[in-house]
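Given next, in structure tokens, is a single chain: the form predicted alone.
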């Protein structure tokens, strides 16, 4: 005979929570794995777990609006004849035409140009609209080679060889058939309406020696003018950074697992890779060990949301950051004004991640002409520019408070950590101590 204590409410399992139970039922009913866009939804140690130590007596602050705090950054100074010069260290990450609508890509170019920074093509090639509205455009060279041609390599201002992505290091991307329109199919040399999966590795090399050969090929095609970036997902940041540098990269792009994706397996997004907080210091250490920190620039991405995040990334040793999901939100992604339509899709504003289905009410992650027309690229570009301006001002405010006249003068000494995990990952002392896990003594 069982007895239920009326004073104790029923308890659900922490291991088998509602989301886990629902996924088991979905998998049992369909026999297929779940695909979605965006980034990880699990809580991870992040920039919120770090705080700045503002100036007081032992440090001298700068007066806001009267004393200069520079935000500029130059990318590609190692070998390129024409390095990229940005007014702000906040760049736009690669997001493809195909994953995004043409209007969204145009808006990214417009916003980045107003703010004085660069945007990136993503997989699938370069559109004339994107090139035309982007003062500084980085061309992504991916394993798929979709849309790749020497003309566009020469039209770009930099080339980014993509080895991996934070949401799926070691895995390839997906673009389902409903988003492969006539134009997308033509650009990618694919049949219209057929699901496409990008390769997880480049077809013409098996290791860093082949990467060196590829970098030299790209330099010859572009007459050594363009900076060559190498992008890796956050998994083995020390060795991946060191090998990219030894292969000849001008810039290393490091993407943590909070970074988003257009579409991949949910199990990949939630279980592969490392938080960006755990990636920055090993990558910086690799550059320092090679004597090339600041000579080879480091761009980090994966969950950058505010000027505080930017300042913390730079204090840990990065030269610049890249934003993707945040840029889409600035354009109008997951806007509550479309809540009724999100509800019809079985989700809600702020949680919508079925970007692969091509039904985005905001007109951003779609190829549906009627939905895409909802996004005004001029107005959306202004919103993005405003957002980039605010982030830059926020980072400046923090740098001045720490007594720095350039964002690159921020340093680990300006930070403390709130949790043991963040202290260990960032190698920053726990607040109120001079110690972090892995460092001997208090």
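All figures in this text were calculated on a predicted structure; none of them were measured in a lab. Numbering follows the first chain given and starts at 1.
There is another form of the same protein, the form predicted in complex with a small molecule; it is not shown, and what comes next is about it.
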Q) Quick one: which of 73 to 81, 239 to 247, 206 to 214, 92 to 100 gets within 4.5 Å of the small molecule in the model of the complex, going by heavy atoms? A) 92 to 100
**Q.** Within 4.5 Å of the small molecule in the model of the complex, all of 261, 301 and 323 (non-hydrogen atom)
**A.** yes
Q) If you check 331, 296, 142, 230 against the small molecule in the model of the complex, which one has a heavy atom within 4.5 Å? A) 142
**Q.** Answer option from 122, 111, 363, 273, heavy atom within 4.5 Å of the small molecule in the model of the complex
**A.** 122
(Q) residue 159 versus the small molecule, in the model of the complex: is there a non-hydrogen atom within 4.5 Å? (A) no
Q. Does at least one non-hydrogen atom of residue 352 fall within 4.5 angstroms of the small molecule in the model of the complex?
A. no
